[in-house]
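Here you get one chain, nothing else, as structure tokens; it is the form predicted on its own.
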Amino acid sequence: MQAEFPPTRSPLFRPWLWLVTTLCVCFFGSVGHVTAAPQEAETAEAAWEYRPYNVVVWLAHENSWRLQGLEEGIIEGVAAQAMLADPSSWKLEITRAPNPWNWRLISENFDRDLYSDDLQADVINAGETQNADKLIIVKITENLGEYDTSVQEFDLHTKIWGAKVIREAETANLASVIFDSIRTAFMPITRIENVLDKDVRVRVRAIGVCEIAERDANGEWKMVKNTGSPAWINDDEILMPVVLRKDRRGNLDNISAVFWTFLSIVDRSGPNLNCVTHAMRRAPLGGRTGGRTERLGLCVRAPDRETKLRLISNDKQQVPLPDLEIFSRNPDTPAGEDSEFIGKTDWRGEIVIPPNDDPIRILFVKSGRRGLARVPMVPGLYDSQETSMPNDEKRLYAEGITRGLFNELMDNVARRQLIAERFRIALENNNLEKASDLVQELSEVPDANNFKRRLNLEKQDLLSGDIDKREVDYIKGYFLQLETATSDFLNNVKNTQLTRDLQGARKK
């Protein structure tokens, strides 16, 4: 019996068919003097979803005799698994890292300079990466007969480094571990099509060629979406927005990852994903857009590990913020449910955020009862992260000062009431000398004007120096409440009334 095989089909069949059709339409359209603008727009849309990734993989190691012997097998094994996983939506080229890149990659300076502009420029301008979309660096270190592997992607278009995937391997499974790490490190890219408040629609690159042959229930071969491909984005994965801006000449002017902002997928429609925004600040993807602005979303796949979060003040001093309480919720947690308490920041303003079942955590930073910030993060995406927020120290100090002043105000009110009651008893007993002494005692208790002067001095002292505007508003609010209470309870009506009563008693 002759074996059945899936129908022969080139991975680029559909893009080439589309390209030939487009060229024919454009050619005949130009002959007939028909405008090609609608066709060009349609072409631009289709090119994105049918455009495979060109991926360069550099293998770097210390050139030991064991790794030299294993190198060819690793390259062949990874290439074969890449073809089996997805023959269409990516073209993976794996080679030994060229010299002097090999030694630069395995040096300690490389990790230290990872985010420097010079290093990124060297990577982008390297001859081997000129036509690539992504560079994936695989570093192998021999460790007593076993191997430590580190895999990390650099997206050449957005200049974003992905998560570092660190795993151990043995000789027998070294190629498989490396390929599985490449799958995790690979960051599919999307184009942000539309933003409406928190709702965002994105179009997935290469989704049109992310297909594989599969038998149906009748035994017939058909093309289906390859959900096992590294280029496929699952419904539970997370996107990180990146904004690219060009100058008037069309040259890239600025690239900015929208940190502390992520997109989670709600549903999908063809090549589009409908997402919702989780952000630290309001409307992070808003603002002016146009032909010189490109908004993209990278699918980030974080390893199952913790991230150290450091909180500092957003003033000029940028001091660590200790003793802040950190709570966590999943994005889909109902509003009525309690948040998970992670812990408090230490004296360095640091706290370790562990991973959980959901790839994204929504962190709530609190100082006492006051919420300072809402921080979405993906644990494991980076080893450590830092963000700034208002220094709540002055507000807490102001709260303590105003609480003490309020207690002093109530004490003065009680003293005045007690003196007035004793004054009434003295008049009833016709003890005018005692009543006169009590009027004098009442005049020595701070009245509204005296107490307000005291409040004003304390407020000026608290508002001096570099202080966040929100803190200023909180402190002013505390003192406004005190000033209102002072006017209500420490007025001079009681002093005037007691003096009149004493004068009236003396005339009798």
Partner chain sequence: MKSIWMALLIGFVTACTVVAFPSSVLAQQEDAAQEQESEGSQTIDLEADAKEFANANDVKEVEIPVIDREPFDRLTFDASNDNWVLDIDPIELEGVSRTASIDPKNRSDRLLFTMELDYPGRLWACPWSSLVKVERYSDLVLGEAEKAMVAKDYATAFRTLLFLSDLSDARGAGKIKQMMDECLYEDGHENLEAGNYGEALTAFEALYERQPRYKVRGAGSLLEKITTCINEFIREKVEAGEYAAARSLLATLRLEYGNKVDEVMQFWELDMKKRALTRLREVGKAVQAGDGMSAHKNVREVIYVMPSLVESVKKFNEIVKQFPFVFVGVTQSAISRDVRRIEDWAARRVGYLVDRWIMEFQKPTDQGGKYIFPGGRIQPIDELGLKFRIQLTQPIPDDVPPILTYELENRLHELATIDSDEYYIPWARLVETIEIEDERSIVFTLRYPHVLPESLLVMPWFSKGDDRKEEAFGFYKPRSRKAEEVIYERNERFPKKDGQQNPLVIERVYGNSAEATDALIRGELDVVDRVYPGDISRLKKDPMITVRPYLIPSVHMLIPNPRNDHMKSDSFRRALHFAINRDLIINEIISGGSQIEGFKVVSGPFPEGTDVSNDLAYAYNRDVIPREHSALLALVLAQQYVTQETNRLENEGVPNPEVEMPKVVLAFPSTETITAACKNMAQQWRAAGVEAELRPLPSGQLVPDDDEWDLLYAEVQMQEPLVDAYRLFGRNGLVKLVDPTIEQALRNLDSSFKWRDISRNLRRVHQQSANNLSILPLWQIVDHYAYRKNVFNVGKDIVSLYQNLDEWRIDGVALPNESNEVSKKRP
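In this text, the rigid core denotes the largest set of C-alpha atoms whose superposition between the two forms falls within 1.5 Å. Remember, predicted model here, so these are calculated numbers, not experimental data. Numbering follows the first chain given and starts at 1.
Just so you know, the form predicted in complex with its partner chain exists too; it's not on screen, but the next bit is about it.
In the predicted complex, its partner chain stays beyond 4.5 Å of every heavy atom belonging to residue 374. Using a 4.5 Å cutoff between non-hydrogen atoms, residue 228 does not count as a contact of its partner chain in the predicted complex. At the 4.5 Å threshold, heavy atoms of residue 345 reach its partner chain in the predicted complex.
In the predicted complex, at least one heavy atom of residue 404 sits within 4.5 Å of its partner chain. The stretch that touches its partner chain in the predicted complex, counting heavy atoms within 4.5 Å, is 316-324, out of 110-118, 426-434, 129-137, 316-324. Heavy atoms of no residue among 240, 276 and 291 are located within 4.5 Å of its partner chain in the predicted complex. Between its partner chain and the residues 157, 198, 329, 415, the one pair within 4.5 Å by heavy atoms in the predicted complex involves 415.
Screening 246, 96, 268, 422 for any heavy atom within 4.5 Å of its partner chain in the predicted complex leaves a single hit, 422. In the core-superposed comparison between this form and the one not shown, residue 117 has its Cα shifted by less than 2 Å. Residue 227: CA moves less than 2 Å between this form and the one not shown after rigid-core fitting.
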